[in-house]
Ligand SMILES: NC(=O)C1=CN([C@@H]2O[C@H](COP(=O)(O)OP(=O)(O)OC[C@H]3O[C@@H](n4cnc5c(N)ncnc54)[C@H](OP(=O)(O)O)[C@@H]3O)[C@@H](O)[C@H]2O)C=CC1
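Before any questions on how it binds or moves, here is one chain, the form predicted on its own, in structure tokens.
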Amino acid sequence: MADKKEKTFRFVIVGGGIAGVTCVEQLSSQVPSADVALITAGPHIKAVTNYKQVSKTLEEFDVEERPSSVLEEKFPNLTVIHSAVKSLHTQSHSVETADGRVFGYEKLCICSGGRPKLLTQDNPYVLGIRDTDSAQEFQKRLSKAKRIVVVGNGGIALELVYEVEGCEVIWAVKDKAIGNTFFDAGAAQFLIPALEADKPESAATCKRTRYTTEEPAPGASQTFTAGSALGPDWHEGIVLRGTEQSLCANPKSWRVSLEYQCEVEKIFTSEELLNSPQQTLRLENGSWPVYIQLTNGKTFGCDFVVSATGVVPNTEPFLNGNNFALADDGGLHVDDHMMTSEPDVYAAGDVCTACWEHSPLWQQMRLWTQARQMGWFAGRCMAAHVLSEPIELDFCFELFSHITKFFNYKVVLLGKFNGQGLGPDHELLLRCTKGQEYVKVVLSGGRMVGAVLIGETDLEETFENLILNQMDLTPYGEELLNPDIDIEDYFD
């Protein structure tokens, strides 16, 4: 096996998503003389563009899907290998690709992302949305649909439900409120009216993603490999309209019904329903291609089910025959230099789990911002090790920060924004102006440890500073959120 290596590279990175591409860019600029290989299954890579540092830790960027040749033109030392990885042999320091080639590495970084946690495997009526291909498949299916059921409560579910038009949406969430990964029930209540309101005429121009993927050539075989994750504006440029547009005398063709605190009990086709004791359900629900029974006892017929229930780390091709330590969530265990338990193997992004002792204000969430930060830091670490330079844990791991958009509102999350792991002794301050802004501050021992900002609040930088410098805010009490006080003047 080891003797048929086609070529040995100094650095090999697996995965053309944000983490992998950022890692490649970092390595290529730090060690321009080194041979770098990027192994990626798809023809496109995800590139970070229009990067903007909003504050010390907050960053905004667009993500564009680009042909991998763009990277090769930029970095003459880079070779892009278009194939999925079949297996990894850490002892012989080699990677075998699906097309049978073998490449050696001195240092390897696994950035293979996550794959959707599907409700059920191989059901043609259940669609997981994770990457560009599945988003296009969804668009195709939606154009013929009258009703869909969306299961899940993360970022993709939130965006999907808001963007779909001309089709009835039944949204099943396992929690008491929507979006609980990102915010509390109060923020959810603030957002819910946006589901009922008329949508702004084509929301403000999108400044993140434009997806283009080429159709496979006629007769070309299509293999499914975990594509790169979708980003925060994945629905831009994709028409998410159901079949009711023809009946669109009613502009409010936008119906979302929420089913809280329930999960999926069972999914069955109309044939299976015919032969089941629940035959009566079919009569009550009309005839649909697929039926979904929820744990709250309700059954709905629909055209298809969207499984938006999160991701699992995509470690599969790497584990066999190797000795990786895995974290409880199935991710590759990495230390504060992004190293796995196998020598010379690093990992970054959704595939890994940060197992160092975290700063009290940071937590890992599998988001694009963190994929970029981890990919960048892994590249720094790999270069530092090769150049025998010391390296410290990067400042971006000091404070959790994320900026995104939900229901057309800007959303900023800082620190322990949901009181994660704080125990009962923390307090919350809230300010809410219906339809305009929602501000929540988490205090522990009189110091700010987290915040949720929805709307154009302009408070992110001030709050970030207050969290980072851990100033005692007890003297300000409730006044901290008094809209008549310009808090920025106080703390600048």
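These numbers come from a predicted model, not from an experiment. One-based numbering along the sequence shown.
Although not depicted, the form predicted together with the ligand is the subject of the following passage.
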**OP:** Just one of 389-397, 363-371, 186-194, 99-107 has residues with a heavy atom within 4.5 Å of the ligand in the predicted complex, so point it out.
**Re:** 363-371
Original post:
Which of Thr181, Asn123, Gln293, Ser341 has a heavy atom within 4.5 Å of the ligand in the predicted complex?
Top reply: Thr181
Original post:
Tell me, which of Arg380, His402, His333, Arg141 has a heavy atom within 4.5 angstroms of the ligand in the predicted complex?
Top reply: His402
Original post:
Can Phe406 be called a contact residue for the ligand in the predicted complex at 4.5 Å between heavy atoms?
Top reply: yes
Original post:
Are any of the heavy atoms in Gly155 no more than 4.5 Å from a heavy atom of the ligand in the predicted complex?
Top reply: yes
Original post:
Is Leu119 close to the ligand in the predicted complex, meaning a heavy atom pair under 4.5 Å apart or at it?
Top reply: yes
Original post:
Would Asn418 count as a contact of the ligand in the predicted complex, using a 4.5 angstroms cut-off between non-hydrogen atoms?
Top reply: no
Subject >> Within 4.5 Å of the ligand in the predicted complex: residues from 293-315 (heavy atom criterion) >> reply: Ala308, Thr309, Gly310, Val311
